[in-house]
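This document starts with one chain, in the form predicted on its own, laid out as structure tokens.
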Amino acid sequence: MSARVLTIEDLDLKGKTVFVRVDINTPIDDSGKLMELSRIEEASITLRDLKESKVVVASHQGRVGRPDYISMEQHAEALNKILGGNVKFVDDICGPTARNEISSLKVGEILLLDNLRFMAEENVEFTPEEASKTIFVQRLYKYFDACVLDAFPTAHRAHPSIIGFSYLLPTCGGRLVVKELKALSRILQVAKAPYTAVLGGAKISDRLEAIEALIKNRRADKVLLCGLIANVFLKATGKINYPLGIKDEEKYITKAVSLMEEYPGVFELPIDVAIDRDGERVEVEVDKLKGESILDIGFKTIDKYSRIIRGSGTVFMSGPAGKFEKAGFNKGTEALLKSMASSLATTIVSGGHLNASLQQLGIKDWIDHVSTAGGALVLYLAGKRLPMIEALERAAERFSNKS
């Protein structure tokens, strides 16, 4: 690892009360149930290694106003099954109920707090010192002896739970964070040009930030776009002439126009797409769309993107190519993953959705590095400094001789 980070072995945690920030933010289906458990299973690795401690676990889930903005109760049930018991849930974050539960914890027990984003503070970015002074951190830090940060997918967020406790408590990286940093350090040493980034998914603002960082830091010679971010660029080129129905649409389109003007020849856009017509997958040329919702890339686009992937030295993919969970519209996502798996390039895949697809296809082992992190991994690969990694480095400097 290039970063100096303490590990669980560097701190004396036996019998201690430990705050563990994980990222078990999980896709939710239409009925409000967890779709898959990959991030929860990953978090369990660190929690098993803290079996001689009293453990308080915290994570966010979803975003305000969206269907996946739900309680962590299902996550606690899933974690309890994975760990074989001793996991409790409290529908509180830092109020009297949560503090009482923390005080009564016994060694070997795990308490999962409710969705951190139910607190306004956890939706705001802070400096480390400001984060340490928030109500959330101030109410709880005295109950803890140490902090473990194991939320690599959220490493790019400067929220109180990520950088606040580490300002006040001995802090180390959890198993997932240490594994990610080691693996990425090795991969970046052997990565070679030309670099291709395949970006999909629904988080447009994150994608726009990542695109610019990847290109500027010479981690993307080609950017293959799909999903909602592709729709924004298609509209920016005039190939889509109807409203996309997304928040801040004009702002995103203006940014897309600016990026294409600044970096000509870098972006590849879909030439055909798949839509739902009377319950069937129908493929149409982009310029023949008449306001239909785009659910996947078409076979011509798949062929074009696959040829670029096979000619690349390093390929990074984040986010599905469309609404892959809808029957018949997973073809683009699966085809691009198969192209990566069969290529001779160094390959990196990020995000829970793609992780699940690789497992279903049985080709996960054919990818050089698979991560459940999304936006954080993109920014890390682009050379951006991540608040959580900086927090771990600061903690290593301050507490390495105090453990």
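Bear in mind that the values here come from a model prediction, so they are computed numbers and not experimental data. In case it trips you up, residue 1 is the first one in the sequence shown, and so on.
The following text describes the form predicted together with ligand 3PG, which does not appear among the structures shown.
In the predicted complex, ligand 3PG sits within 4.5 Å of a heavy atom of residue 206. At a distance threshold of 4.5 angstroms between non-hydrogen atoms, residue 156 is in contact with ligand 3PG in the predicted complex.
In the predicted complex, ligand 3PG stays beyond 4.5 Å of every heavy atom belonging to residue 51.
In the predicted complex, ligand 3PG sits within 4.5 Å of a heavy atom of residue 63. This chain lacks the partner; the member of 117, 222, 304, 255 within 4.5 angstroms of ligand 3PG in the predicted complex by a non-hydrogen atom is 117.
Contact with ligand 3PG in the predicted complex, defined as any heavy atom within 4.5 Å, is confined among 307-315, 146-154, 279-287, 174-182 to 146-154. Annotated contacts: 25, 39 and 375 all touch ligand 3PG in the predicted complex [non-hydrogen atom within 4.5 angstroms].
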